[in-house]
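We begin with a single chain expressed as structure tokens, specifically the form predicted on its own.
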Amino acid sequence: MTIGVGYIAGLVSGALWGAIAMIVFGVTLTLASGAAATPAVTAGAIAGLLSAAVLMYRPPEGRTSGVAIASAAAMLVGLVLVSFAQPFGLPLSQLPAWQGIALIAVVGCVWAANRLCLQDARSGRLTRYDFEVIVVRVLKGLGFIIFTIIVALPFYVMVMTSIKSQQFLIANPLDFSVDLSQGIGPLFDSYVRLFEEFRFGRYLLISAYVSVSTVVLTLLFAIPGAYAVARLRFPARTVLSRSILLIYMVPAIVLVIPLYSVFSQLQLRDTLLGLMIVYPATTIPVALYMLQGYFRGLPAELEEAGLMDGCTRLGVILRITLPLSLPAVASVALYVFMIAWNEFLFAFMFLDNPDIFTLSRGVVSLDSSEVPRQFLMAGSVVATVPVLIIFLWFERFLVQGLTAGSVKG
């Protein structure tokens, strides 16, 4: 075996993943168990280096399952020995189950990261392309971890806070562990009271009504508008096509003041009708922009054949264009729904009557010194989970719709 740039790059990659895994799972152990863990980052780096060294010792074609198992074993043994059997700064007799799970997670993740980053890396001299492949894989993994932490950590803190009692939060506001000593029922007490005392069931229905109405109104205007820009010829067509998104150059806070004044004079403030005028006005431009690109990518010959067969232009849109554009229409509908569901600024400025609060406006009403903090977090969870489920369910349409129309033909 020749020790060269490839072997050194593998060792650096392994040490990096070992240190990162110790930090991530050490913090996770603290959040999940409440124990003040101090992960041995240096021990993790050395153990990751040992795991990569075992893996890189063999050429890519010789890295069998036995070598992979030896790599994981080297990681585990090195981590335990170098940290003096305290990889998380805690005696193994303290929280043995939690520490065991965290230790297995560290070894498994470092082993998987080394396998993915170094699966075809050679230990000798590397070409520039091979070296860049390793670097890109490591950076991609780091980006995935950072993004996951940014998204998951606030959500975890929000959920854990929502299931705490007021006494527990006052005693230790930084303890985000799960206390099952009182049973499952008390954990969801804040959610039950949220719907019974703070009318969040009504807020959910109002938000659903406003969001669905915004989607319907947006599509009613955006579909024919995007079709006209994509297919019909009229004066200033190019200028209109390029200026659709100009509304997004104006900050929403700048629009709030004149809209507040106008809506107050028209008696549209503190009404759902006012929101259903403002929301489509902000979502129609992006819907037009997304749909026109897709419509341009559809074969014009199909529509011309429909016109020759006697269809009107509206018939062509309904019978030919829309069925072929379902992925794009679904992605636009999902995107608009998420905007309307999460919108806060206009709802906060225009709505004063608690009977017609949207969900985002209702959550803000819980941000008071008179309301315990767990209710605010429970309201945030209630506002987040429905749109998260809808997004995950329709995510395939969103990806298809966003990429559709980017390439003609």
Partner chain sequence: MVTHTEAADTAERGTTAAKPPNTKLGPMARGEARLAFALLAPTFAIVLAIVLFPLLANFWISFKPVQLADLRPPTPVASERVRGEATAVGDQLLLQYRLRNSSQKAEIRDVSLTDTLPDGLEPLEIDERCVLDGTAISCDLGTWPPGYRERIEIPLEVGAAYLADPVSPRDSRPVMVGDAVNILTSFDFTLSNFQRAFSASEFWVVLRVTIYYTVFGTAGALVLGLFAAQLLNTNFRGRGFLRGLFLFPYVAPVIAVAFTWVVLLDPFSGTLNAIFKQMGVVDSPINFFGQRAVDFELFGLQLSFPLALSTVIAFEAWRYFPLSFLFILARMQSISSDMYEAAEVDGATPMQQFWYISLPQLAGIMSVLFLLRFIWTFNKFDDIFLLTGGAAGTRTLTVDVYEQGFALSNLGAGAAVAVVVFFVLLVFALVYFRFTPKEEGL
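C-alpha atoms forming the largest set that superposes within 1.5 Å between two forms make up the rigid core. The structure displayed is predicted, hence computed values, not measured ones. Residue numbers count along the first chain shown, from 1.
The same protein has a further form, the form predicted in complex with its partner chain, not shown here; the description that follows concerns it.
Of the heavy atoms in Ile170, some are within 4.5 Å of its partner chain in the predicted complex. Taking non-hydrogen atoms only, Thr38 approaches its partner chain to within 4.5 angstroms in the predicted complex. In the predicted complex, its partner chain lies farther than 4.5 Å from every heavy atom of Leu16.
By the criterion of a heavy atom within 4.5 Å, Tyr57 is excluded from the residues contacting its partner chain in the predicted complex. Taking a 4.5 Å heavy atom cutoff to its partner chain in the predicted complex, the contact residue among Arg125, Lys140, Arg296, Arg193 is Lys140. This chain lacks the partner; the member of Gly100, Pro91, Gly108, Pro154 within 4.5 angstroms of its partner chain in the predicted complex by a non-hydrogen atom is Pro154. Looking at its partner chain in the predicted complex, residues Ile184, Val216 and Ala328 place no heavy atom within 4.5 Å of it. Look at 67 to 75, 319 to 327, 254 to 262, 202 to 210: in the predicted complex, residues with non-hydrogen atoms within 4.5 angstroms of its partner chain sit in 254 to 262. Residues Val363, Val364, Asp367, Arg373, Leu376, Met377, Ser380, Ala383, Thr384, Val387, Leu388 are the members of 363 to 388 with a non-hydrogen atom no more than 4.5 angstroms from its partner chain in the predicted complex. Positional change of Thr312 between this form and the one not shown stays under 2 Å at the C-alpha, relative to the superposed core. In the core-superposed comparison between this form and the one not shown, Phe147 has its Cα shifted by at least 2 Å. With the core superposed, Ala36 shows a C-alpha displacement of at least 2 Å between this form and the one not shown.
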